[in-house]
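Heads up, the chain below is alone and in the form predicted on its own; it's given as structure tokens.
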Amino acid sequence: MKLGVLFSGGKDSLFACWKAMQKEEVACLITVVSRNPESYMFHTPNIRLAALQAEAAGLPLVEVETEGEKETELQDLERALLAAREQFGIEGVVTGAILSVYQATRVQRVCRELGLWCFNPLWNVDQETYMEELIDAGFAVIIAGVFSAPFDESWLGREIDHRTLDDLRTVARKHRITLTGEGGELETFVVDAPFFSRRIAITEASKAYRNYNGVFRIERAELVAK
């Protein structure tokens, strides 16, 4: 089956892509670029670098833009899926949804209306197991945004290795948040994955942070040999 992967550049969509590759043919990546940083549906930090990640993965990218308005942004998702079906013959769509019923049900509805199969390999996954597997499989992931207490500015740009995961466990237990950031507490960016031919080197970046809300802006990056 030919699949298109809803692709944000964050850990969940990259990991879901990797899982899908082990069972089916991933024909393309699909990115919806929201002009609204508060989009209900779509990841926004460093979304323009999805093209660089697609190049590293050796996969074509279907990219559409949206104003990011609640519910109406689903029309742009539909437009993206139609383009992927027309250009690459996709029969199904892969998402990185873990717990968000809001996102998952809407993607499933659009897929159903278009006659596309919807595959959610991370749905209700054990978060501890998932995060361990992510690191052990060779994914290099940085924290690209924080949006709740107790995350201070020092978390921005930090790589999620086993030490960081231990710190996230402590935070998750104490503050009753999700270990994966699925509740919107943090966003990520993947600089390397098992299926990348080259890794991403960040050459220029900046931080914008205030009151437990901040982003790690990647201003320049390039592909380098592993």
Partner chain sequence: MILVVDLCYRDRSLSRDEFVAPVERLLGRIGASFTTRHYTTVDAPEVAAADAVVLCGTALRDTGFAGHPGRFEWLLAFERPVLGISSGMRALAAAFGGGTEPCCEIGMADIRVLAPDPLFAGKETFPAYELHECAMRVPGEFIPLAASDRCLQAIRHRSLPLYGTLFHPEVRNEWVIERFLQLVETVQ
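Here the structure is a predicted model, which is why all the values come from computation and not from measurement. Positions refer to the first chain, counted from 1.
Below: the form predicted in complex with the partner chain, not depicted.
- For the partner chain in the predicted complex, the listed stretch (152-160, 138-146, 74-82, 111-119) containing residues with heavy atoms inside 4.5 Å is 111-119.
- In the predicted complex, the partner chain sits within 4.5 Å of a heavy atom belonging to L3.
- Although the partner is absent here, E86 is not a contact residue: none of its heavy atoms lies within 4.5 angstroms of the partner chain in the predicted complex.
- At the 4.5 Å threshold, heavy atoms of V215 stay clear of the partner chain in the predicted complex, well away from it.
- Using a 4.5 angstroms threshold between heavy atoms, K19 counts as touching the partner chain in the predicted complex.
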